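We begin with a single chain expressed as structure tokens, specifically the form predicted on its own.
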């Protein structure tokens, strides 16, 4: 089992970006297939529960075929034409491009989702500020916003129950959603104002160098994660070049 949960979130982000950089410069199915097979072989040893894996990656599995379908209907023309109607033309070129797009979405999306399953927002913010040296105000503001998402969901449920108790949410679903959305917007602005005042009162907007409660550690595990991402990208590119299928995206 690979202890991926203990790896610095910045290293996970870097590994995903490295693989993506190798895949977005070409539009062939061989490199995407190679990368996808290598990624799935590594994911199998991460110890992720199957139910959790399928639930978290479900949007990727849904987006990949939908994207491929669009490319197949309106993508690159070439070779034999199998179906044509108005702007729709299914040919050898569009089918090949659709297959490459389908595999590429999976090869880029799956590791991104899997690597971020175990990421804690606070650890990620610590890594962005301490390792990538991003501005403190930007990082802490984004962290506060992420932490507020759960509160927004609770507020939405509370507003819905309150409106039902007052008898104003029995009819008109669209009107109810619009009313609750406006109420949530007002509540969010008020909470954001209070949070900004509280953070400024605690010195979050000062010019003095900040100290951090937890150190963002970087060691061998992080370097190995980056190297694995690099090896996957290089292997996918080498296999595509050797098979003659590597195609620069600008062509």
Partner chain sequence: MPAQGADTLETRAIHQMKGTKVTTTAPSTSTSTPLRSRFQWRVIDIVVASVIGVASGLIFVVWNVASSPALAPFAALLPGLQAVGGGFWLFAGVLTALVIRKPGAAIYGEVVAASVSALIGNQWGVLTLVSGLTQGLGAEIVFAAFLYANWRVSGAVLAGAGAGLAMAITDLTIWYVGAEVSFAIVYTIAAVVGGMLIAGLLSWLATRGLAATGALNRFGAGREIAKRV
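Note that the rigid core is defined as the largest set of C-alphas that superpose within 1.5 Å between two forms. Numbering follows the first chain given and starts at 1. All values derive from a computational prediction rather than experimental measurement.
The same protein also exists as the form predicted together with its partner chain; that form is not shown, yet it is the one meant from here on.
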Requested in this report: Give a yes or no for residue 249: in the model of the complex, does one of its heavy atoms lie within 4.5 Å of a heavy atom belonging to its partner chain?
Outcome: yes
Query - is_contact(residue 242, its partner chain) in the model of the complex, heavy atom dist at most 4.5 Å - result: no
Query raised in the report: Just to confirm, residue 229 within 4.5 Å of its partner chain in the model of the complex by heavy atoms?
Result: no
Query raised in the report: Is there a non-hydrogen atom of residue 235 within 4.5 angstroms of a non-hydrogen atom of its partner chain in the model of the complex?
Result: no
Query raised in the report: Out of 43-51, 30-38, 65-73, 218-226, where are the residues with a heavy atom within 4.5 Å of its partner chain in the model of the complex?
Result: 65-73
Report task. Sequence order please: the residues of 136-166 with a heavy atom within 4.5 Å of its partner chain in the model of the complex. Result -> 137, 138, 141, 142, 145, 146, 148, 149, 152
Requested in this report: Could you tell me whether the Cα atom of residue 96 shifts by at least 2 Å between the shown form and the other one after core superposition?
Outcome: no
Query - Shift of residue 223 between the shown form and the other one at or above 2 Å (CA, core fit) - result: no
Report task. Look at residue 154 and decide if its Cα position differs by 2 Å or more between the shown form and the other one after superposing on the rigid core. Result -> yes
